[in-house]
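Below sits a lone chain in structure tokens, taken as the form predicted alone.
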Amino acid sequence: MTRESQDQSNTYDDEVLNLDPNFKYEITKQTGGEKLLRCLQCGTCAGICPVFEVDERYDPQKIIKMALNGMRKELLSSELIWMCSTCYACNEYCPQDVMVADLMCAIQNIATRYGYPAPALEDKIQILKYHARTLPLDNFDNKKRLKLKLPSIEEKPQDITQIIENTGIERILENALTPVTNEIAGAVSEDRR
């Protein structure tokens, strides 16, 4: 065996060892992921997906295949799982009623639980902390509210800051990967026993 083919074989072995055959079942226990195993890999979800149309990196069919094949770490750490626009077109057209948009939310929830939060989450928390909302508020909005006889909205970042501190979300984000990586490794080694 040549050195190159041995390296390729070792890479393949490493990839196989990193597969988690129980990952798909973990997803099916998550709200929104119950119908994962119905997927036939027909590609309807990718064919109808507006995100895939503009960015072929986001391929719901490929994401589902990764989930079914047990590619836990690769899938959960991928920024692609966060690209779903939740337009629900895939849900409407899926011949197996997999509920792909709901499945993406389930995978996102698992990713967050294992320390792989949405890439923009930290930025959103900082915006919330300083402005008490993620979308800007200006006088135009309050003028519309006034015309509708609604009270104006004032930014109260101190309330949001208190909520952020009480939930500890910033601390969770700072420490996200350390305990979770060990937890995943432990789950994988237990499954192999």
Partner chain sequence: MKYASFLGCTLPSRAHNYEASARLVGNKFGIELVDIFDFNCCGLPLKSAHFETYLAIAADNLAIAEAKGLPLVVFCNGCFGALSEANEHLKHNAKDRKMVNELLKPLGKEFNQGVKIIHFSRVLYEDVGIQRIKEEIVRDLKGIRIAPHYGCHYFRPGEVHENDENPKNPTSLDMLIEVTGATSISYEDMLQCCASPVLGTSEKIAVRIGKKKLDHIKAAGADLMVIHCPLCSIMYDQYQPTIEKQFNVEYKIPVLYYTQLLGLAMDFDPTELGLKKNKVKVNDLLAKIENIS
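For the two forms, the rigid core is made up of the largest set of C-alpha atoms that agree within 1.5 Å on superposition. Residue numbers count along the first chain shown, from 1. Keep in mind it's a predicted model, so treat the numbers as computed, not measured.
Separately, the form predicted in complex with the partner chain exists; it is not shown, and the next lines address it.
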Does L19 make contact with the partner chain in the model of the complex, using a 4.5 Å heavy atom cut-off?
no
Tell me, yes or no, whether N69 is in contact with the partner chain in the model of the complex, where a contact means a heavy atom of each within 4.5 Å.
no
Answer for L76 alone: is it within 4.5 Å of the partner chain in the model of the complex, judged on heavy atom distances?
no
With the partner left out here, check for me: in the model of the complex, does some heavy atom of N139 sit within 4.5 Å of the partner chain?
no
For 110 to 132: residues with a non-hydrogen atom within 4.5 angstroms of the partner chain in the model of the complex?
T112, P119, L121, K124, I125, L128, A132
Can we say the CA of E165 moves by at least 2 Å between this form and the one not shown when the core is superposed?
yes
Could you check, with the core superposed, whether the Cα atom of K29 shifts 2 Å or more between this form and the one not shown?
no
Once the core is aligned, please say if the CA of E154 is shifted by at least 2 angstroms between this form and the one not shown.
yes
Output row for the A120-D59 CA distance, |change| of 3 angstroms or more in the model of the complex, reads farther
Relative Cα spacing, L103 and I164, in the model of the complex - shift of 3 Å or more
closer
